[in-house]
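The data below hold one chain only, encoded as structure tokens and taken in the form predicted alone.
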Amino acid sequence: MKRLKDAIDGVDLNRFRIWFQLAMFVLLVYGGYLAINLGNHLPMFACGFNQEGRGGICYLMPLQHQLARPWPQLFGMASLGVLTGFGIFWLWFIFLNKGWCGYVCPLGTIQDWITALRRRLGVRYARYTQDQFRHLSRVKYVLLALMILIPLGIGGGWFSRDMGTPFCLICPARMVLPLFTGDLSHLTVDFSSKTAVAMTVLGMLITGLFLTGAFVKKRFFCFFCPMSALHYLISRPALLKLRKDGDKCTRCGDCYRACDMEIKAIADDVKNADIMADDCILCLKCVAACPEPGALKATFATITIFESTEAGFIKRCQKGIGLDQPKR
């Protein structure tokens, strides 16, 4: 067992993650061609607008459909369907926690590919100031609230039904993921109504911002993702955890420099054992970058599955797996 544990702790995490993300991308974007259907309650962006290839559907789409029902239905028997759907979503989520963002989400994978392209081109990336970070961290909760309130308003007759599933209409996944199956139909403006024009134009603008932002900042869209906000709100009972032993931490900052989400508390907080912040995507790059034995670890149902070790750190450094830092 010790030999197995040492092998896991010394794994080339970057390489493992690249191949795992690629496998999940193929499954979720092209799985439909092989009659693979993981259902309608997945806790990441497997876009329902990818009609032919999708191997499952993001939970946010059916949730918005359900919440937009007329209120007498929604607050009647239909509420059982909403609760059942949320329960299935939660069961999917509880196993990987926000690892769904770091390892499975196709939109997250595309952002990592864009980062790899930027790195190959030698283009420097920018970091957020801590004030910017604090403000950005709130945006996803505002979007989550709007994603719930607007469909409820549609069901109550306050908003036009042309808004349909409002977040889906502006989500970059609606335009980007179908491109991988040759579907260009969503790169158009819907002129059926003023509301449809406004929403589809807004969707195009946000998609352009997504592609541009991902090139200059790592995981740019994840800061604004309402799915990420929903994850964090229900993450406490999840099985996969990121934990820290503050007594072993020297505050060297390697974990912060490795963090794609620029979470400074990962280095500074030496009091809390449960170190996962709301923007964390559980990629575990911080664990791989930490040189202090046992200072950071990933646990599953309280069992340690991957932890920082000096030997693992040295092994990864010898293979040239360094930290992606801005060019000076």
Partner chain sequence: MNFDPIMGRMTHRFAPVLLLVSLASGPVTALEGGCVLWISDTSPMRAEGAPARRGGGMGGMPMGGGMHSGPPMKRLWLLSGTDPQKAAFARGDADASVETLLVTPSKPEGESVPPPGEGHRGLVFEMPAQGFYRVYVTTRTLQERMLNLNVAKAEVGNFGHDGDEEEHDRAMTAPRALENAAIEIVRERQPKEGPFSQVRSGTEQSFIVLRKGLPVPDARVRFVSHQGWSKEVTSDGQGRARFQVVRDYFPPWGEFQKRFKATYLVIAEFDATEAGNHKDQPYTSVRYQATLSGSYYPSPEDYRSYAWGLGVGLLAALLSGVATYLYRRRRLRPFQEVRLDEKA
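Note that this is a predicted model, so its numbers are computed, not measured. Positions refer to the first chain, counted from 1.
Same protein, other form: the form predicted in complex with its partner chain, not shown, and the subject of what follows.
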Original post:
Is there any non-hydrogen atom of Val189 lying within 4.5 Å of its partner chain in the model of the complex?
Top reply: yes
Original post:
Wondering, does Pro237 line up within 4.5 Å of its partner chain in the model of the complex on heavy atoms?
Top reply: no
Original post:
Are any of the heavy atoms in Tyr141 no more than 4.5 Å from a heavy atom of its partner chain in the model of the complex?
Top reply: no
Original post:
Should Asn272 be counted as a contact of its partner chain in the model of the complex, where contact means heavy atoms within 4.5 Å?
Top reply: no
Original post:
Just one of Ile94, Val123, Leu233, Leu146 has a heavy atom within 4.5 angstroms of its partner chain in the model of the complex, so which one?
Top reply: Val123
Original post:
Only one of Val176, Ala229, Met204, Ile150 has a non-hydrogen atom within 4.5 angstroms of its partner chain in the model of the complex; which is it?
Top reply: Met204
Original post:
Non-hydrogen atoms within 4.5 angstroms of its partner chain in the model of the complex: do Asp162, Leu184 and Gly208 all have one?
Top reply: yes
Original post:
For the chain shown here without its partner, which stretch in 274 to 282, 66 to 74, 23 to 31, 296 to 304 has non-hydrogen atoms within 4.5 angstroms of its partner chain in the model of the complex?
Top reply: 66 to 74
